[in-house]
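Quick setup: one chain, the form predicted on its own, written in structure tokens, and binding and motion questions come after.
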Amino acid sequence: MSYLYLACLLGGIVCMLLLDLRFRLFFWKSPASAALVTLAGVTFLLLWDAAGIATGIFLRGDATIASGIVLAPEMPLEEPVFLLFLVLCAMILYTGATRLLGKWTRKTDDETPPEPEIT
């Protein structure tokens, strides 16, 4: 039994939250809506996993770096933590990209020379 994978996932979540804190992209911009989006995303992905497990598509392997703790048949402890990391990563990348593209669009609009007047 090892907790290496779980520790890496938790470390990744902490790093994503620190990045979010630095640039105020998701949780530190709007905590209530970010919590709602995160909860909805993790819930959807857990239901997706449950459907995959029920149909026999998703199986738990014998990873030596995993804890071995199982929450449900074929659902290791690390899965909901991974899904939380996935949702956080996706939302922080999305909000960061949106902010960068918004700044880039405003900058190019400001640099466009005015059209000449026709008299």
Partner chain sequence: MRYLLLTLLFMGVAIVAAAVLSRLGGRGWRVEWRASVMAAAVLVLLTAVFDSLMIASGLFSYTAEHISGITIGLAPIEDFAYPIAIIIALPVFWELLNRRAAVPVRRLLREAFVASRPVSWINTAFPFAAAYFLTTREIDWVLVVGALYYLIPYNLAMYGINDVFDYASDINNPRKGGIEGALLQPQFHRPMLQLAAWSNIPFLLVLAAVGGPASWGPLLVSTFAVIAYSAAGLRFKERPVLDSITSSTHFVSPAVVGLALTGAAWQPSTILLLAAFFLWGMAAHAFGAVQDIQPDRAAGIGSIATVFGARATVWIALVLWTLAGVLMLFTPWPGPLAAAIVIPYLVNCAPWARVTDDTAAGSNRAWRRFIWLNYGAGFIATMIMILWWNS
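This is a predicted model, so every value here is computed, not measured. Positions refer to the first chain, counted from 1.
One more form of this protein, predicted together with its partner chain, exists but is not displayed; see below.
- Contact annotation: Y5 falls within 4.5 Å of its partner chain in the predicted bound form, judged by heavy atom distances.
- Using a 4.5 angstroms threshold between heavy atoms, A72 counts as touching its partner chain in the predicted bound form.
- A residue is said to contact a partner when one of its heavy atoms sits within 4.5 Å of a partner heavy atom; V81 fails this definition for its partner chain in the predicted bound form, lying far away.
- Looking at A97, you'd find a heavy atom of it within 4.5 angstroms of its partner chain in the predicted bound form.
- The partner is not shown here, but in the predicted bound form the stretch 61 to 80 reaches within 4.5 angstroms of its partner chain through a heavy atom at G61, D62, A63, I65, A66, L71, A72, P73.
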